[in-house]
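Before any questions on binding or motion, here is one chain by itself as structure tokens, the form predicted alone.
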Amino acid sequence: MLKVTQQPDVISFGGGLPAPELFPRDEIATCTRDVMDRYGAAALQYSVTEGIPEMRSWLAQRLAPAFEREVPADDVLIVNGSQQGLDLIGKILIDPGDHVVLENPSYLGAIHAFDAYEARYLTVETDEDGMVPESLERVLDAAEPFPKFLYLIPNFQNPTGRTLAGDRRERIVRICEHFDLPIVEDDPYGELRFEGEPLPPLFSFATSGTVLYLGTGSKIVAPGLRVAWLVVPDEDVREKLILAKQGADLHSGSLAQYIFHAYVSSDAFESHVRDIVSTYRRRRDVMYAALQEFAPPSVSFNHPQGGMFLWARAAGIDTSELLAACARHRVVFVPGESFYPARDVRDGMRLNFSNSSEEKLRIGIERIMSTIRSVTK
């Protein structure tokens, strides 16, 4: 797929890529100059593992309203992209053969990160409202050995675009509290809400259990800066993460953090996020309308309230094989099989709408649906 997408005439719904035309290039250039004028050599020097104080303080203030409580800046750890956060969590919590609890399907990048530490997986049923609490309770009741943690994406999940229903969130926290199971809450898309009211993070519920919150600037500024964050109230866990990060890279890039902080502290930032949301909403609508127009009855699909992905299923079709046929028609997507730890469901497809023009969204969907019709004749 990667080879095919290098060709300019191929329409790709495959990558989880932000729209590059929305990157704030001029503003980042200005911020870079301002950072060098203000901080000089300090922005190019080694820094502390936890992250520069300015970034940690900004995040503590920005996250506090959603968490409905004060967030100490000391609880924040800056990481080199969310993927490093997942790797560090795996490094300190997983021994070979340990179980991790996942939504089914779940984020492929998390599975890859945990695979590196030889994890095994217990999967929980999901529906259009996200993880099913009753299924989680059954899984934990029967678990032997007991898992190390639960990993989930509650907002506009990757790959499905689903959002965990509001009335399920505290139930999941309480179930994990009862079983003393740590939660890793990954929230890369939370600010990309198109409609509806924001729902409380799992992190916001008072609990005697452990909840780690993972966020990123990749979707609201630019992924190339690799600025992301972990919020870890548990001091013992946080210290282990810091030690693991020291062994991995000493600290995230100082210059990138200073530039990121300068931009998100500017007047342009909030307007920029609104522009992203508005653009992605239109693109979601175009992809959804094209599916309504072109999809045969055997294809079902959802209508996510935000994020970057729409999930479709083609009954009776192995979408890995479908991908090869679609590539010949110059359009690609990610087959759903890879998002299931057991690789036992083969009819799904993740469709990214953030990184294509409205014209290409419509053309690409028509090509995929036409290919499905041709292979099912």
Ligand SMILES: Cc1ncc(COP(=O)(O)O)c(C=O)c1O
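This structure is a prediction, so every number in the text was calculated from the model and none was measured. Residues carry their position along the shown sequence, with the first being 1.
From this point on, the text means the form predicted together with this ligand, which you will not see here.
Undergrad: Check, residue by residue, if Ser82, Asn158 and Tyr189 all come within 4.5 Å of this ligand in the predicted complex, counting heavy atoms only.
TA: The answer is yes: all three residues contact the partner (heavy atom, 4.5 Å cut-off).
Undergrad: Does Ile276 reach this ligand in the predicted complex if we count a contact as any heavy atom within 4.5 Å?
TA: Output for Ile276 is no: heavy atoms all beyond 4.5 Å of this ligand.
Undergrad: Is Asn104 near this ligand? Define near as a heavy atom within 4.5 Å, in the predicted complex.
TA: Close contact is absent here: in the predicted complex, Asn104 is far from this ligand, nothing within 4.5 Å, heavy atoms only.
Undergrad: Give a yes or no for Ala228: in the predicted complex, does one of its heavy atoms lie within 4.5 Å of a heavy atom belonging to this ligand?
TA: Yes, Ala228 sits close enough to this ligand in the predicted complex that at least one of its heavy atoms falls within 4.5 Å.
Undergrad: I'd like to know whether Thr216 contacts this ligand in the predicted complex, with contact meaning heavy atoms within 4.5 angstroms.
TA: The answer is yes: Thr216 has a heavy atom within 4.5 Å of this ligand.
Undergrad: Just to confirm, with a 4.5 Å cut-off on non-hydrogen atoms, which of Ile111, Leu86, Val71, Val173 contacts this ligand in the predicted complex?
TA: The residue from Ile111, Leu86, Val71, Val173 that makes the contact is Leu86.
Undergrad: Of Ile153, Met131, Ile78, Leu150, which residue is found within 4.5 angstroms of this ligand in the predicted complex when only non-hydrogen atoms are counted?
TA: None of the other options qualify; the answer is Ile153.
Undergrad: If contact means a heavy atom within 4.5 Å, which one of 219-227, 119-127, 295-303, 136-144 is the stretch that engages this ligand in the predicted complex?
TA: After filtering at 4.5 Å, what remains is 219-227.
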